[in-house]
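Given as C-alpha cells, the chain that follows is alone and in the form predicted on its own.
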C-alpha cells in the first residue's frame, strides 16, 4: 500500500515554530521515489537537528548508496526541536521524513547513526513520536527494524533495550547486505516473523542483535558473562571494513541545505582509518586499518560534487588529512584545477608534524584562508608520551610559525584535560605553550595582529582503546585545572589578550562517560532522563546534570553502584567489559599492553612506517593497510 505524506498536517504547525524551513524538504540533491515501486524502504536519521545532521557524511553516503539501488527507497529524518515536538504531540503528527514527509513508522528499517552518546535520548523521542514502542521486545511485524551504527555504536549496551540491531564499522556494504536480506525475507512471505529476520541478520556474524544475548552480573557489580541465547548466533560480532574506497565514490550529489547548517561545503573523505596510535582516540582505533582514496578518484569526486552542489569550499576529510601519502599533490592538483575561481580548500584538523609550507601555500590559494586547527592534545611533553601524541613543542612552534608567516592570523589549538596520570603542571603547561605560540607567530608575521584559540575538552575514556580501563577525572578536578589554566594564560596581559579560551565544564563529560562505558543497566537511566524531559543532551542549553544525577541515583542505587562506579573507577585487566563480545578487530592483550606503556610514558611508532605493532586488526579482519603514493597527477579542467 502507498503511504501518504503527512505534510498537510505538518504545514499548519510550521508558522508557530523556529526555523520552519528546516522541515520543508525539497533540497537540491534530495531524492523521492514511488513507494509502491520499491521493495525495501529505509528511514535514515542523524539524531540531532537539521542544521547539525544534514552535513553528516555518513548519512549522506548511505542515503546515496541506498537510493542508487533501483528497488530501494531511502529518506532522511532528523531530531525535531522542542517547540515542534510539543505541537506534533498535541496534533497527532508523527515523526516524519524530510524527503516525502512519510511517517517513519511505515518504513521497513529505521537506521540511526550515532557519532556521540549524548544523542541517545533523542532516539527515544523519535521512536515515541513515530509510534514505535521504546522497548524492542514490544515491537511487532508492523514496526520498522531499528538499526544503529556510527562510532558510538561500538558499545550499544546502554540502549540495547531500545534497538533491534547494530552495525559495527563501515556502512556502505553493511546496508546493502541488510537490504538484500530484508528483500528476500519479504519476498519469501516473512518466514519466522520479526524474530526470523533478526535471526538471519545475527547469523551473518556482522550484525549484533542485543535481544539474542543474555547478560549476567556479579554481586559486586561487574559483568559475569554475555552469552547468546539462540542457536546460530555467534558469541562475538565482527565489524564491517570497506577496503576499496575508490569503488564507493560517495557522496556524488550531496544534499544542499535550505537552512543554515554547521558545515556548508562539499566534503570528500580522502582516506579512512588511522594508525598514529593516539591512546585516547576511539575513532583511530576502531577504523583501522588505513585505506586511502586515490588522487584521481578524489579529483573526480570534487569535480562532480561541486558541479552538483554549487558549494565553493572543499573539505578534505579524514582523521588526520595531512597524513595522506599524496596530500601535497592532492592540494596542489586541486588548487591548479580551480585557480582563478572562488573554490577554496580546507583540512578540518591537521597534525602538527604533517603540516608544511607547500601545504600552507596550496590551502591559501585563491585568496581564501579557511581556519587552521592543530591538536597537540597535551600541554607537556610528558603527557603527550602518555597519550602517544608524538609531537614536540618545537614541532608545534615551527608549524604555527609557518602558518602565521603564510598569512593566517588565527589558529585553533585543541587540548584535553583530565588525561590519565595528569597533574596540574601538565595543564598549566598549555598556557606556557600558548604564550610561546603567540611570540613565535608575532615574530614570523612581523605583526601583533594574530590570535590563537585554545580549546579544552574533558577527556572521556572510550571503549576499544587502551584507555578503556582508565579512570576519568572527577569534574571538580577538571574545573579546577581549567581555572588554573585561565589564570596563567591571563597572567601576561600582552600575550593573554591574543589568546581565546574555549572549554566545557566536567559535568557533560561525566554523562558521556557513563553512556560510553555503560552496560544494559544504564538503559533504565537513559529512559528515566528522557521521561523527565531530557532532550539534546549535547547542547549546553538543554543539558541538565542534576537530571542525570537523580536518575542514576534512583536507577543504579538498588544495584549497589553509582555514577562514579562507571566513570571515575579504574578497571582491572580481567574485568569483563560490556563491549568485549563486539569485535573491532583489536587484540585485547595489545590494548592492555598499550595501557601499561601509557603508564610507563612509553611511546609507540606508527605501523605505516615502523612495521607491524600486532594490534590484531589486519589478520582478524583479513584486511591490510592500503596507501600510495600512486604517482598520478590531477590535470587542470
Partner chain sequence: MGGKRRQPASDQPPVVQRLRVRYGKRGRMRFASHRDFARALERAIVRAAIPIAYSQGFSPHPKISYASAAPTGVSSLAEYLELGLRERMVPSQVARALDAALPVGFEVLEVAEAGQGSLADRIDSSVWTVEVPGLSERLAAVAVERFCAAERICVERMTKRGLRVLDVRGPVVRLAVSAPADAAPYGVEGLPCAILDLVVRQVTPTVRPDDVLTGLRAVADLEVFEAPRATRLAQGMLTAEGEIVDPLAADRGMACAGALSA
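Since this is a predicted model, take the numbers as computed values, not measurements. Throughout, rigid core stands for the largest set of C-alpha atoms superposing within 1.5 Å between the two forms. Numbering follows the first chain given and starts at 1.
Only in words, not in the display: the form predicted in complex with the partner chain, which the text now covers.
Asker: With a 4.5 Å heavy atom cut-off, would you call residue 476 a contact of the partner chain in the predicted bound form?
Answerer: No.
Asker: Taking the shortest heavy atom distance, is residue 496 within 4.5 Å of the partner chain in the predicted bound form?
Answerer: Output for residue 496 is no: heavy atoms all beyond 4.5 Å of the partner chain.
Asker: Taking any heavy atom pair closer than or equal to 4.5 Å as contact, tell me whether residue 103 reaches the partner chain in the predicted bound form.
Answerer: Output for residue 103 is no: heavy atoms all beyond 4.5 Å of the partner chain.
Asker: Classify residue 614 as contacting or not contacting the partner chain in the predicted bound form by the rule of any non-hydrogen atom within 4.5 angstroms, answering yes or no.
Answerer: Flag for residue 614 set to no.
Asker: Pick the stretch from 406-414, 75-83, 273-281, 374-382 whose residues have a heavy atom within 4.5 Å of the partner chain in the predicted bound form.
Answerer: Looking at the other structure, the answer is 406-414.
Asker: Taking 124, 133 and 525 as a possible spot, do all three reach the partner chain in the predicted bound form with a heavy atom inside 4.5 Å?
Answerer: Not a single listed residue reaches the partner chain in the predicted bound form, so no.
Asker: 203, 228, 257, 94: which sits within 4.5 Å of the partner chain in the predicted bound form by any heavy atom?
Answerer: If I apply the 4.5 Å criterion carefully, the residue I get is 257.
Asker: Considering non-hydrogen atoms and a 4.5 Å limit, which listed residue (423, 307, 392, 235) is close to the partner chain in the predicted bound form?
Answerer: The residue from 423, 307, 392, 235 that makes the contact is 307.
Asker: Across 487-518, which residues bring a heavy atom to within 4.5 Å of the partner chain in the predicted bound form?
Answerer: Contacts from 487-518: none.
Asker: State yes or no: after fitting on the rigid core, is the Cα displacement of residue 277 between the shown form and the other one at least 2 Å?
Answerer: It does not, since the residue 277 C-alpha is displaced less than 2 Å between the shown form and the other one after the core fit.
Asker: 2 Å or more on the CA of residue 558 between the shown form and the other one, with the rigid core superposed, yes or no?
Answerer: Comparing forms between the shown form and the other one, the residue 558 CA shifts below 2 Å.
Asker: Honestly, after the rigid core fit, is residue 523 moving at least 2 Å at Cα between the shown form and the other one?
Answerer: Superposed on the core, residue 523 moves its C-alpha less than 2 Å between the shown form and the other one.
Asker: Given that the CA-CA distance for residue 340 and residue 444 shifts by 3 Å or more in the predicted bound form, does it become closer or farther?
Answerer: Relative to the displayed form, residue 340 and residue 444 move farther apart in the predicted bound form - a change of at least 3 Å between their C-alphas.
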